[in-house]
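Below you will find one chain, with nothing else, as structure tokens; this is the form predicted alone, and questions on how it binds or moves follow later.
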């Protein structure tokens, strides 16, 4: 199993943010973590990336226990956070090389990986430009490429299309679906139903609890995914 979450709970004081959250994302699958704002998605991502630790439950990444072997587990993760984290004053290449260094990559290996990453996202000809010259969609592609430099087993994306126009959102969503089709395990957090395909695995999170864990097609039935989503979350209060 690439990503395993069992019985995860978390509180902010008296407020329950997550309650016995559990699901498994199999290798090479695209899993949409769908939930309205405030559902607990960002809290879950904070626990998955060890920004803070859970008092209960278990997280496993590519067979490594996040609590017992956090360095090994984190090394198998690639992460794209909701807020952009690129240095706008550095060039595309320098941004990627800096991250490669943080992952213990250096010398010819790092340069080879960076050049290959830029080529895959169609930005090799702009490697020497500052990141601030890129569009929002291009910056997101660069962040995804950066997250994959160290060849992780699992890619986590927390609301990765926030602030992008409709065309850029579609392009980024399609790009990451293509990565999953090539064998990468993906957990994609969103509140937007149009980013989820029928064949995608769907984990519906609301008020800190998992309401559904199935395929998007099975969850929506004969309704649109938007209608099924709204019905489920409104019925849950």
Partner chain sequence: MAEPARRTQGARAAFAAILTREMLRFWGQKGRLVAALVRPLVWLLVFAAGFRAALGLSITPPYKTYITYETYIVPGLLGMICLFNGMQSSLGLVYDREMGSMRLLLTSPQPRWWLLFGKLVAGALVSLVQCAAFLALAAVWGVRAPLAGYLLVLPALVLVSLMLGALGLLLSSVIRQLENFAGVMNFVIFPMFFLSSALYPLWKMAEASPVLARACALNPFTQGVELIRFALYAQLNPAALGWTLLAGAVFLGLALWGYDPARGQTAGKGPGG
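Numbering follows the first chain given and starts at 1. Computed from a predicted model, the values in this text were never measured in an experiment.
Absent from the display: the form predicted in complex with its partner chain. The rest refers to it.
J.: Give me the residue from 168, 29, 43, 193 that has a heavy atom within 4.5 Å of its partner chain in the predicted bound form.
T.: It is 43 that has a heavy atom within 4.5 Å of the partner.
J.: Answer with one of 59, 39, 211, 184: the residue that has a non-hydrogen atom within 4.5 Å of its partner chain in the predicted bound form.
T.: For this set of options, the contacting one is 39.
J.: Quick one: which of 20-28, 7-15, 224-232, 211-219 gets within 4.5 Å of its partner chain in the predicted bound form, going by heavy atoms?
T.: One stretch meets the cut-off, namely 7-15.
J.: When the contact criterion is heavy atoms within 4.5 Å, does residue 197 count as touching its partner chain in the predicted bound form?
T.: Looking in the predicted bound form, residue contacts with its partner chain do not include residue 197, since no heavy atom lies within 4.5 Å.
J.: Give a yes/no on whether residue 175 approaches its partner chain to within 4.5 Å in the predicted bound form, heavy atoms considered.
T.: So residue 175 does not count as contacting its partner chain.
J.: Although its partner chain is absent from this view, report whether residue 67 comes within 4.5 Å of it in the predicted bound form, heavy atoms only.
T.: Judged by the heavy-atom cut-off of 4.5 Å, residue 67 is well away from its partner chain in the predicted bound form.
J.: Consider residue 50 of the chain shown here, and say whether it contacts its partner chain in the predicted bound form, taking contact as heavy atoms within 4.5 Å.
T.: Flag for residue 50 set to yes.
J.: For the stretch 57-93, which residues lie within 4.5 Å of its partner chain in the predicted bound form by non-hydrogen atom distance?
T.: Those in contact are 71, 74, 75, 81, 83, 84, 85, 87, 90.
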